[in-house]
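Each of two forms of one protein chain follows alone as structure tokens, named structure 1 and structure 2.
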Structure 1
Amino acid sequence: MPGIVVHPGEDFESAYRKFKRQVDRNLIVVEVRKRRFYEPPSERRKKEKIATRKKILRKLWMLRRYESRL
């Protein structure tokens, strides 16, 4: 869990900014949104399969785009 040390004389705004930066770095908000509802293993596999397909198609598109410039 993220935590910050507030030094004497430090205002709330700067402490809040530090805390938000630390939360963003640790991807806590993303993890909470992902775990908000139960996702069955079949749905998880389906999403992974779709993501893999998108990744392959994106690489193929970039490769074809690069080759067309040669």
Structure 2
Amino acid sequence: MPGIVVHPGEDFESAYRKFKRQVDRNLIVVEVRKRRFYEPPSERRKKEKIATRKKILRKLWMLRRYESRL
């Protein structure tokens, strides 16, 4: 559970930035948003498929860029 103590002499802005960094690092908001609705297995598979396709395309693009530089 992320949280900070504002030390005496520390201004609120810097303390808030520290707090926000902690919250962002823990991916709390992302996780809650992900859990808002149920994701059926069919949708999960669909997402996976798209992610795999993207990964392959990216690899291909990198390879082509590398070859063109040779």
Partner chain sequence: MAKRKLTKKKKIKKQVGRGVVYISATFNNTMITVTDEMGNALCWSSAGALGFKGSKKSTPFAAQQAVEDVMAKAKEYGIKEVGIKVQGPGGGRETAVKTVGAIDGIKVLWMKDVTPLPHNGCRPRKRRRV
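Throughout, residue numbering runs from 1 along the sequence of structure 1. Here the structure is a predicted model, which means the values were calculated and not measured. Rigid core here is just the name for the largest C-alpha set that superposes within 1.5 Å across the two forms.
Here, the chain labelled structure 2 is taken from the form predicted in complex with the partner chain.
Relative to the superposed rigid core, the position of the CA of residue 16 differs between structures 1 and 2 by 2 Å or more. Lined up on the core, residue 7 has its CA atom moved by 3.5 Å between structures 1 and 2.
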